[in-house]
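First, one chain by itself: the form predicted on its own, in structure tokens.
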């Protein structure tokens, strides 16, 4: 009897030990499983951080690449009237694309058109349409990009005292018929013409819209297509008269602009059509042009840069009134 009782007690004790062992094993497995889950969670977090870092690096790389996808050289030449704008735009553009080098020169519209037609430069800047300076076959190879408008103004020495001229008086002066300022309401002072070469687009535009198509007299001693040099000559000679783009008169009080028929040469008067001496500024490419040329011209005509146009004395083409546009079709 005692043996049976003892056997039962031993059996119960063994069962308890096994139960405890099973419970302990179950707890250990649960802990290990939790640890594995935690490890998986850590791995996932690390992967997420890695992906985030890679994405950030990729974004930085893309940003860097975006500023470096234009490279090499870009050349432009021609209009002195457009020169200040193209120089300023090129400086801004090179900040965006530091691997691109842009060279901009003047020389006159005719010269710029000849060079782009010959492939010597990527862009030919002009105050007039290519057909006015090149033969038909050469002009056909070029693509026109009208980037803005330009207003031309007669300028005199600021001490002269002449602020307005009629169209007839202006024509008489520039054709050499009127030679003294006293004949047009000014002082007894000989008129000194500061003229431009025949290749000048500024000259062609001024001839058409200010001089009614009359050919201006030549003064080879004071002939220049450099607007800065022209302004200096007018400033230093009391009887001098010439003409420049409005862009050269921004913040310039060394010379005096002259009204024509009582209308001041301003952007507002150009837009509303009351001031008639203006034209479109053209940037020509040979065919569609290089990728660099197309990107640069798009930049100049885009919203980002157009805000600077008026501040530099150039006109926004879309602001021209229908009256002004229609008047230039005649």
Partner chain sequence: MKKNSKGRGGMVVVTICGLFLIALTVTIGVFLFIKGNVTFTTFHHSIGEFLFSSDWNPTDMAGQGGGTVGAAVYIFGSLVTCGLALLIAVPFSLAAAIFITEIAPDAGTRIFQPAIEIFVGIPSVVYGWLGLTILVPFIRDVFHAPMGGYSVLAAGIVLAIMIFPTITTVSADAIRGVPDSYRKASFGLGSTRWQVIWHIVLPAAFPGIMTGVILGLTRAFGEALAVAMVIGKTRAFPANILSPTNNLTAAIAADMGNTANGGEHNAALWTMGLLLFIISIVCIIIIHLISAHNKKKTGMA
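Note that the coordinates shown come from a computational prediction; the quantities given were computed from them, not determined experimentally. Positions refer to the first chain, counted from 1.
Beyond what is shown, the protein has a form predicted in complex with the partner chain; the following relates to that form.
Judged against the partner chain in the predicted bound form with a 4.5 angstroms heavy atom cut-off, the residues 134, 222 and 237 are in contact without exception. When contacts are judged by a 4.5 Å heavy atom cut-off, residue 178 does not count as touching the partner chain in the predicted bound form. Taking the partner from elsewhere, residue 111 is found to have a heavy atom lying within 4.5 Å of the partner chain in the predicted bound form. By the criterion of a heavy atom within 4.5 Å, residue 107 is counted among the residues contacting the partner chain in the predicted bound form. For residue 197, a non-hydrogen atom is located within 4.5 Å of the partner chain in the predicted bound form, even though that partner is not displayed. A single residue from the set 218, 172, 163, 120 has any heavy atom within 4.5 angstroms of the partner chain in the predicted bound form; that residue is 218. Listed residues 99, 103, 190, 212 were compared with the partner chain in the predicted bound form; 190 is the one with a heavy atom within 4.5 Å. Annotated contact segment (heavy atom within 4.5 Å of the partner chain in the predicted bound form): 229-237, selected among 229-237, 249-257, 75-83, 140-148.
In the predicted bound form, the CA atoms of residue 219 and residue 231 sit farther apart than in the displayed form, by at least 3 angstroms.
Annotation: residue 104/residue 220 CA-CA distance longer in the predicted bound form than in the displayed model, change of at least 3 Å.
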